[in-house]
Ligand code: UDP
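Next comes just one chain, in structure tokens: the form predicted alone.
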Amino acid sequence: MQKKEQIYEGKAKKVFATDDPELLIVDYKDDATAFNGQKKGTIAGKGVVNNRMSNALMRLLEKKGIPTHFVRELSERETLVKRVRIVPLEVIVRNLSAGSFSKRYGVEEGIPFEMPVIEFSYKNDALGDPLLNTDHALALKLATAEEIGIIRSYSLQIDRCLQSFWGECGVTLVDFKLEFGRTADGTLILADEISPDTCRLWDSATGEKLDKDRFRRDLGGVEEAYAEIMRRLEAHAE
């Protein structure tokens, strides 16, 4: 697979064309951002962790029947993926109160929910990725009613699978963000990444944060947390 010109660079990744128009190469960076890009920094080795962790979890989800954009891992930082058009609807799945949920509704962090809470936000940096409901998404034509139903179903399946996996690792899956994309024939598949950048992962025994909140909140030990969560994943991955 020949790597060609760069076609996109985001906060955490670069994307390159290949000699196959339906396949792309994603290159994960060590750059870190928070608060919609207002805070910037570098987390040494983050790109390697995010690439390898995301690939391992997408392989796991594929085995559970969730279609993803993953094709194959090319190197520590690069992965071959299917080209998709990203649905501009970010999905946040919450199992415990934390982060913006706690701030928005004035509740302490760490309260478990009786059932997962699904939030949608409009994927639009200029607007600050505002929350929206299904009616808003339909009015803005971000997705069809059928697609939203599929996205909700996949998101809950993914949550059950990841909660089970991380539980075996001694980790609580607090919440996480998902993005979906449409392939050339319109099929919805999981895209983007699943990593400490996009998930809140707490040590089940101590509550220690093992994710990007350590960077967001200046808690220190960011590289160590990413390395620890990767160590646990590798110890339990098939």
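This one's a predicted model, so the numbers in the text were calculated from it and none came from an experiment. Note that residue numbering follows the sequence shown and begins at 1.
The same protein also has a form predicted together with uridine-5'-diphosphate, omitted here; what follows describes it.
*4.5 Å heavy atom contact, K177 and uridine-5'-diphosphate in the predicted bound form*: Answer yes; at least one heavy atom of K177 falls within 4.5 Å of uridine-5'-diphosphate in the predicted bound form.
*Is there a non-hydrogen atom of F101 within 4.5 angstroms of a non-hydrogen atom of uridine-5'-diphosphate in the predicted bound form?*
It does: once uridine-5'-diphosphate is placed as it appears in the predicted bound form, F101 has a heavy atom within 4.5 Å of it.
*Closest heavy atom of R200 to uridine-5'-diphosphate in the predicted bound form, within 4.5 Å or not?*
Within the cut-off, so yes.
_in the predicted bound form, D159 touching uridine-5'-diphosphate (heavy atom, 4.5 Å)_ = No, D159 is distant from the partner.
_Considering non-hydrogen atoms and a 4.5 Å limit, which listed residue (V84, L142, I92, L74) is close to uridine-5'-diphosphate in the predicted bound form?_
Of the candidates V84, L142, I92, L74, I92 is the one lying within 4.5 Å of uridine-5'-diphosphate in the predicted bound form.
*asked:* Within 4.5 angstroms, counting heavy atoms, which one of the listed stretches 63-71, 190-198, 45-53, 23-31 is next to uridine-5'-diphosphate in the predicted bound form?
replied: So the stretch in question is 190-198.
*For the stretch 38-56, return the residues whose heavy atoms include at least one within 4.5 Å of uridine-5'-diphosphate in the predicted bound form, in the order they occur.*
Residues within 4.5 Å: none in this stretch.
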